[in-house]
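Take a look at this one chain, the form predicted on its own, written out in C-alpha cells.
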Amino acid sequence: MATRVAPSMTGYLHLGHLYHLLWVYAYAERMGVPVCLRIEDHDRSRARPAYEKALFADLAAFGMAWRGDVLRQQDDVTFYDQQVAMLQDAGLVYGCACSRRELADLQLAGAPELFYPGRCSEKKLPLEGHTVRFRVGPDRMRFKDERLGWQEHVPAQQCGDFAIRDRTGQYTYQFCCVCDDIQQEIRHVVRGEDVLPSTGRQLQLFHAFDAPAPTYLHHPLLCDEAGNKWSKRQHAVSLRSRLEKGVSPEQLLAEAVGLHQPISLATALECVTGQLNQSAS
C-alpha cells in the first residue's frame, strides 16, 4: 500500500508542482502510507538529466523523502514489453499506420481531445514499426474520486483506441503510468484535476491486466493571478531558479498554499489537510 510522486522530466518543477507535492504528502500522512518516487522519463526526446538533478535538489530543500528505490522509466522497458505481449495475446492491441496529419483530418471540430475511431483496427498490421493501440471497450468506467465523488467515463467516446507505444518503440504516458503503478504496488493516486479524463482509460488497462486499480484523488490546480494554471508550457518560473536566488523553501511553501509569511513543511501540510478534510465531508 503506497502512493507516489511521479514528476515528468520535461522541465523544472514550479510552484504548481510544489502544491501537488503537498497534496500527495498530506494524503499519505492521512492514510498512513509511504510515498514512492518515480522518474517519468518515457519521453526520451524531452527528458533531460538536468531536470532530474534539480528534482532531487528541490525535494531535499523542502524536506520531502520517499520509500524504496527510485523507478526510472528508461532504465528497463522489459516489464512494458511483457505487458504489451500480454495484451497482444488477448487480442487487445493492434498496429496503426495513421500519420499525425491523417489523425488531424479525422478529428471533429471542437473535440476536447484527440479521438481515434479505429481506422486500422482490422488491418492486422504488425506491432513493430507501427503505433500500438489499445482496443478500448464500450464499458462505462465508474469510480469514486476521493475528493470529487462518483465519476463516470466512457473512453470509447472520449478518446477511442489510444496509443500505448509509438512507431519508434517509445511507450506513452497512459501505458507507463498503469504499468508503473502495478510494479510499485501503488494503491492511492493523488494528481491534479487536469489528468482526471485519463482515469477511465487507465482503469480499462488495469482490468485488461487483471490488476487491482488504485483509488484516485484529483486535487484542484494552482493558478496564477490571471486564472491560468501554473505550467511548464507557460514558462512558469522554476523552484530551482527561485531557490538559487535566495528565496527560502519556507517562503515558497507559503506561496503554494496562498499565505504570505514563511511557513514550515508541517504547517503547509496542515493547510492542505484542511482542504482534504473539507473534500471528504
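Note that the structure is predicted; figures quoted are calculated from it, not measured. Residue positions are given as counts along the sequence shown, with the first one as 1.
Same protein, other form: the form predicted together with ligand GLU, not shown, and the subject of what follows.
Contact with ligand GLU in the predicted bound form, defined as a heavy atom within 4.5 Å, holds for exactly one of Met86, Ala97, Val195, Ala111, namely Val195.
Residue Arg191 is the only one of His130, Arg191, Arg187, Arg135 with a heavy atom lying within 4.5 Å of ligand GLU in the predicted bound form.
Each of Arg4, Glu40 and Cys177 places at least one heavy atom within 4.5 Å of ligand GLU in the predicted bound form. Stretch 169 to 177 is the answer when you ask which of 205 to 213, 169 to 177, 143 to 151, 98 to 106 has residues with heavy atoms within 4.5 Å of ligand GLU in the predicted bound form. In the predicted bound form, none of the heavy atoms of Gln275 sits within 4.5 Å of a heavy atom of ligand GLU. Ligand GLU in the predicted bound form comes within 4.5 Å of no heavy atom belonging to Ser279.
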